[in-house]
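Just one chain follows, in the form predicted alone, and it is written as structure tokens.
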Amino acid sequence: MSNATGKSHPQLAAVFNQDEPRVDWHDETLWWIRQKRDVQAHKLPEWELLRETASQIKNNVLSNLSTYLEQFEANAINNGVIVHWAADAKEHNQIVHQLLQERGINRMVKSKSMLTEECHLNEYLKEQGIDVIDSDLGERIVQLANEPPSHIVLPCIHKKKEEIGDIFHEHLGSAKGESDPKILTETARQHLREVFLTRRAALTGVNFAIAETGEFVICTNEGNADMGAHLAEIHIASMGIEKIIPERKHLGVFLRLLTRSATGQPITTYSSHYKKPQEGTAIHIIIVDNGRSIQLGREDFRNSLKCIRCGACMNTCPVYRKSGGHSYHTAVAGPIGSILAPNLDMKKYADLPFASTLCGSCSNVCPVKIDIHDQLYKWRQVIVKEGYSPASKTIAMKAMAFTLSSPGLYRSGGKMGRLVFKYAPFAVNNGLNPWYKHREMPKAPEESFGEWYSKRKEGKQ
């Protein structure tokens, strides 16, 4: 997700918060999905065992990543798949372009792939004169609206059906004012059917890559990845190096966790295995690093590579629900994105680890038990130490640390604050105080807790 404005998360969140009804609706919708997740989790007595098992499998993968990647590559090649390696986003995009150029293809259909969003593939191919159509319904909606996805599972969760109706009327010729989801879905279906039948190249993401067999699995609810891949003469699969799992038997653990965590479903509608190309077609897998090996080397943050992109942390996060995905100005928004993004560019994304209450709800729902809120806290420490935090925040924190480390100064400051609250409340209840944007400061107590406690202690004696 590009951030052409250069605005920080608080500034972009303020834009989203200008429309209060939308914020409330966004918040309630995502919490409803979180509740669906809870219902599904509580139906399984072994839920916590599944989470722990998945976490340990991923620990094993991250500790032996090079071995599993080489095993996957060897088995994939034996299956007739062509494997490419990309060090970064630029190399990934160039490989995709080269594969299309070699076949004289200038039109491609693409299913959901957050890695290609991270690499800005669509923008790159457009500059090369190649037309890319996103076939996931939500992705297609935001593509037509010329926006990036705001959620990794629910790309257009920020859009209301009436707005989608307007977009389809403008671009797909649906009736003006039409907002019936069934009719809009059928409109998209007819539009995409022609795309599937005419595109010679299809690109997909990869949910899981199995080292033991050299196959990969794609999970969708719409079947669009299958439609694109099976009808095209070349299937390109973009895969982050962390998508490996050791053996096929491990897949059942992750499939039981993934969609329950993401949308509250028992399992995705389609869990499609790709192993060998059909006769007359080709499968190319591009295995991409793009900063992942650097994250792997960061002891405090390597566990973030366990992420299976379910979006559960977004659905539960009070900050994400109230600020919208676009406020994170990165491909993967929310709590997990706020850990991954600074690894790519610490200065550009220095604001994101602070977009959290550190309440721990994200860690509690993560299906692979990533310590998300702990990592956000650790990123804050790294960012301040490296000098990337705003000067005003750094000065304020130093002043607070100085005050809190001096009992006398702390008590004096407390007395001064109570006097200001009591006799000059306008000094704090004004536009210069960020808290006042949403709430008035509380009424000042007559005495501090310390003073009250001392009197109470003396009274008992």
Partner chain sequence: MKVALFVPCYVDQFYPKAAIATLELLEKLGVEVHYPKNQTCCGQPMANSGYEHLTAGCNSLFVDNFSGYDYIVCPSGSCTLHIKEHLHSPEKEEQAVDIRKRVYELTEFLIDVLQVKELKSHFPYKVGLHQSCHGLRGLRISQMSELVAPAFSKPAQLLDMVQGLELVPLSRQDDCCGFGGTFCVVEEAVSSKMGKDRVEDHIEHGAQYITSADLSCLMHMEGILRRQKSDVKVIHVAEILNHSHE
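Numbering follows the first chain given and starts at 1. Basically, rigid core = biggest C-alpha set you can superpose within 1.5 Å across the two forms. Because the structure is predicted, anything quoted here is derived from the model rather than measured.
What comes next is about the form predicted in complex with the partner chain, which does not appear here.
- The stretch in contact with the partner chain in the model of the complex, judged by heavy atoms within 4.5 Å, is 376-384, chosen from 376-384, 342-350, 102-110, 122-130.
- In summary, among the residues Ile82, Leu172, Ala145, Cys359, the only one with a non-hydrogen atom within 4.5 Å of the partner chain in the model of the complex is Cys359.
- In the model of the complex, Gln94 stays away from the partner chain, with no heavy atom inside 4.5 Å.
- None of the heavy atoms of Ile167 is located within 4.5 Å of the partner chain in the model of the complex.
- Proximity of Lys90 to the partner chain in the model of the complex falls outside the 4.5 Å heavy atom cutoff.
- Residue contact check for Thr116: none of its heavy atoms lie within 4.5 Å of the partner chain in the model of the complex.
- Taking a 4.5 Å heavy atom cutoff to the partner chain in the model of the complex, the contacting residues in 307-321 are Thr316, Pro318, Val319, Arg321.
- Once the cores line up, the CA of Tyr453 ends up 2 angstroms or more apart between this form and the one not shown.
- Core-superposed comparison between this form and the one not shown: the Cα of Val420 travels 2 Å or more.
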